[in-house]
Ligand SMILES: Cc1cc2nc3c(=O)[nH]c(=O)nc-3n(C[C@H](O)[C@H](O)[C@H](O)COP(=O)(O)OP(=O)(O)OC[C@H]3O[C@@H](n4cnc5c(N)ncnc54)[C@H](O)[C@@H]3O)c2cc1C
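Just one chain follows, in the form predicted alone, and it is written as structure tokens.
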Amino acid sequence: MAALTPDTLASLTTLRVGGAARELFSPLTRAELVTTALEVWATGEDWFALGGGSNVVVADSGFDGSVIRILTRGIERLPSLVDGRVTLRVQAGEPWDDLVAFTVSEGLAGLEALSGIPGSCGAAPVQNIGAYGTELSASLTAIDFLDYESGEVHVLLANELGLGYRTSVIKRGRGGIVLSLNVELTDATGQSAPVAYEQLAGALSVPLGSRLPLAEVRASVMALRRSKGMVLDVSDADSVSVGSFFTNPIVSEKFARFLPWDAPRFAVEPGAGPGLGSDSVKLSAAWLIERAGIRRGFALPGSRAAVSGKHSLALTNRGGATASEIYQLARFIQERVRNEFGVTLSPEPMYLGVDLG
């Protein structure tokens, strides 16, 4: 097991902040990944699995543990069991958007609305990624999971993962590493799944529920994401972020009655997460932030971290920002929203090595 010692982890994350890991491992094959993980786990020391680095804020002091990079690549078409349905097995290190581009090129519908989401495929089920009316849970059938407790590889079906709004049993604490995932898609002769999000339907100038050529839907999603700075572009400071920094809070319908009448409220889908009753509603974190007086482009005095000028949910590194500046801004926003509305916003990215006390 050969370790590399990086100067910092900043270059491996989309937010471009963070100090060094004590050790960094970069296995290239699935077998090497399993061996490396088991050897690291046998030491009993802290560890972290790093994919595309798009959903993590690394502390300025770094991480006093081992970081295992997930670099395994590959997309395999499995034998079809149902006419018109296609299952792909995808290795965890495959970049997510490369998978979406592949499905569009192959005429397979189901993931096109998730175009442009940064990060690796292995992280997708941990977070149950979603955008524009689609979540991974609609297509995911199973994962291969290297379990921390047993040291064995288990096949976990999607219904065993406790998938909900930006959550899973893995995110809630089940230790291990996703090695690969299976997604089942529709062979729809190049037509998309029904468009399920009003903003996307508006951009395409079609009614909700319409089906269009996959490439057209993907292009529209990518254009929408770029307009919000949600596609990484080194020439655009608004894109140097982890994407949406806060999840949309879910509250009881009774609590929501005390919010201003124009506060957006969305129905919570059945099975959106554990502990969510039928009276739960989802709020707009962006609306709460803006109505709490945090404008786009806002920064604390002297800070190089700022709210994106294009999207109030993104916190950006304007050049040379530190992790401390990022989470100081995040805390300020949380406090403003809490004081104004009694709602606590939850960060979407993981804080690695950050003392939140």
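These numbers come from a predicted model, not from an experiment. Numbers follow the displayed sequence, beginning with 1.
The same protein also exists as the form predicted together with this ligand; that form is not shown, yet it is the one meant from here on.
- Judged against this ligand in the predicted bound form with a 4.5 angstroms heavy atom cut-off, the residues G53, V56 and S241 are in contact without exception.
- None of 97-105, 156-164, 206-214, 224-232 except one has non-hydrogen atoms within 4.5 angstroms of this ligand in the predicted bound form; the exception is 224-232.
- A heavy atom within 4.5 Å of this ligand in the predicted bound form is found for exactly one of A193, I129, V281, V86: I129.
- Though this ligand is absent from this view, in the predicted bound form it lies within 4.5 Å of a heavy atom of just one residue from A109, I117, L200, V183, which is I117.
- Proximity of F48 to this ligand in the predicted bound form falls within the 4.5 Å heavy atom cutoff.
- Interface membership of T14, defined by any non-hydrogen atom within 4.5 Å of this ligand in the predicted bound form, is confirmed.
- Using a 4.5 Å cutoff between non-hydrogen atoms, A37 does not count as a contact of this ligand in the predicted bound form.
- At least one heavy atom of V178 is located within 4.5 Å of this ligand in the predicted bound form.
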